[in-house]
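One chain follows as structure tokens, the form predicted on its own.
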Amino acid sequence: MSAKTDPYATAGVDYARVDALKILAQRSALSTASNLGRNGTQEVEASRGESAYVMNVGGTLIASITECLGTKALIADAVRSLTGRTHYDTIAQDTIASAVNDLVSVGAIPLSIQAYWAAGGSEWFSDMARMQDLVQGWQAACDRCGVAWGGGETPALKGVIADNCIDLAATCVGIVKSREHLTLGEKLAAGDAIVTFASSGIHANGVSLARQLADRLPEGYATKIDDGRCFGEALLDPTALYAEVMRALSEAGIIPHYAVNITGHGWRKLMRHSSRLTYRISRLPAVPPVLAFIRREADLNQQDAYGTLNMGAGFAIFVQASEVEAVCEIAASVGIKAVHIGVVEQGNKQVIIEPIGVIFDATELQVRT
């Protein structure tokens, strides 16, 4: 998927350019690992390039991650006049999910959240309804994930951020119970089953594409989608939180060989690990109506849709084939739909989605050194 044909690049998010910076940063960051030795700690090197960074602090494994929401708050502001709601309660969950879902992918239990709410000026904070919804939603999402909200930062950055806009981000810190609970892909192998957990909608990825589409629709965000709701309201369904299902699996003694939060790059993320393996998909999960609408109205082919959006799969784990039935039952017990979509095979590094005839090769995902 080149930048010339990538629909997300035309919407203003060119991963080819962003990912180049990520790799440059990773190479430079690697040289700082030795600084940990000054404090008698060390990094878990295998976590480099994964969704969260892990350190060994006196025998305790600590994981951390910082993530931002992106541009979804702009949709909330645009849709407020249609629904009469600020939607910042669900926007808060989206922000926390962006960090927590990354953290649990390495086998960590989230412990604390720090907030970063940077507004385009102090005027943003004069809207009490919006502020209350953000605070209450943030607290509610923390409670759902079982984490403590430790504090944060609320700068007013006039001239850096647009007037009456806000940039939301979260830092999450967690603990990994033991080395055996790490899911960094060291046991990932041919024969492993691929199980996905259902997404709740667009989550917070592909939003720039959705905003561009809304600008082209005659009724914009008020356009009705197949489930009868308006497009803007459907886009604001909060991102699913996967901390509870990952905790439940751990308590049942099921430790995935690997896990992936399917955000940027869509289903290409299934081949995030550095191993040279083929990920063969034989079954697809149901696609949320809002994503089916985006694909149709934005005229995305299957390659572009599954290479950009989550298309119904918000998170994926790789487990022993014998554990699939238990995984699906445990997920259902906490309200998450799990689908056994495929298998890991020996072969070239690629994702083969057989039901729709799509193949992503290793050159289409460059997020690690």
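Nothing here was measured: the structure is a model prediction, and the numbers come from that model. All residue numbers refer to positions in the sequence shown, first residue = 1.
Missing here is the form predicted together with another copy of the chain; even so, the following discussion is about that form.
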Is another copy of the chain in the predicted complex close enough to A214, L217 and S282 that every residue in that trio has a heavy atom within 4.5 angstroms of it?
no
Heavy atom within 4.5 Å of another copy of the chain in the predicted complex - residue from A252, L188, C230, L111
L111
Considering non-hydrogen atoms and a 4.5 Å limit, which listed residue (A99, I91, V260, C145) is close to another copy of the chain in the predicted complex?
C145
When another copy of the chain is placed as it is in the predicted complex, which of 330-338, 296-304, 317-325, 61-69 ends up with heavy atoms within 4.5 Å of it?
61-69
State yes or no: in the predicted complex, is some non-hydrogen atom of T83 no more than 4.5 angstroms from a non-hydrogen atom of another copy of the chain?
no
So in the predicted complex, does L209 come within 4.5 Å of another copy of the chain, heavy atom to heavy atom?
no
Although another copy of the chain is absent from this view, report whether V195 comes within 4.5 Å of it in the predicted complex, heavy atoms only.
no
If we define contact as a non-hydrogen atom of the residue within 4.5 angstroms of the partner, is R179 a contact of another copy of the chain in the predicted complex?
no
Heavy atom within 4.5 Å of another copy of the chain in the predicted complex: which residues of 27-41 qualify?
S28, A29, S31, T32, A33, N35, L36, R38, N39, T41
